[in-house]
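Just the one chain here, laid out as structure tokens, in the form predicted alone.
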């Protein structure tokens, strides 16, 4: 990997440190060869705390929790208390800016994280906490760089993408293609995200929240969940390009690794109601990793439990980070 340029802003207040910027680097992408990419990153927290790499779903980025220096709410703001005991390092996924129109393997994201560690002079992170796509990347990072991560916490990720889940994502990408052919890519992204929301949550939640009878509006019938789905779709279309959505969606389907390649302590968390990444698949992964612990999370919220089950996830994160602190 060749580093071309790094720009950053550093703020220190007492024992707290915040640093954010962009790293320009040439990465050897698995399917597209050497490409110049810009990697946005942020690291915040106590200067002497263990470094914890944190990664979320394809819509997550470098801003995980708010701080005095970066005041806006982060994508995992509900876990700010648990995460405040660590120095949090996170990146914007390569491809999330829509500038990389080629297949992106999860191993490419792992390389991007390693490049940021190099630029920051961090030889070894105390741990990696990933959820959804971030957990997939965490698995690849642990395989590629076992010497750079002491422990892994992987929430809702297994050895490979489930064929049914991949089929659902293929339809989302077809929705994006339809939008592009209609010269309205944003509409395609909105529809793709609305379809995705059906896989992130559960039928039981939809029954509880959207049980009102359909309404007739003019000559059309509208069901109770449509306002919610339209809102989620429009919000995604406002911040994600068609190229970014398609390429990161594909990247989930490219995820594949072998449990036998993992050689570090791992905690695998499965959500009982998650049919996007079934509990049985995660259990099978944990069963084949020598230093593994398997946790089942009961939840109404399916794959989105890592965002919605604040107390249960907080307890897991708090215990995980405490183990990192004791290992220092």
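Residue numbers count along the first chain shown, from 1. Being a predicted model, the structure only gives us computed values, none of them experimental.
What follows is about the form predicted together with a further copy of the same chain, which we do not show.
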property: Heavy atom within 4.5 Å of a further copy of the same chain in the model of the complex - the one residue of 142, 194, 116, 248 that qualifies; result: 194
property: is_contact(residue 78, a further copy of the same chain) in the model of the complex, heavy atom dist at most 4.5 Å; result: no
property: Non-hydrogen atom contact residue 179 with a further copy of the same chain in the model of the complex at 4.5 angstroms; result: yes
property: Residue 221: touches a further copy of the same chain in the model of the complex, heavy atom cutoff 4.5 angstroms; result: yes
property: Contact of residue 207 with a further copy of the same chain in the model of the complex (heavy atom, 4.5 Å); result: yes
property: a further copy of the same chain in the model of the complex: contacting segment from 149-157, 198-206, 91-99, 126-134, heavy atom within 4.5 Å; result: 198-206
property: a further copy of the same chain in the model of the complex reached by all of 103, 166 and 254, non-hydrogen atom within 4.5 Å; result: yes
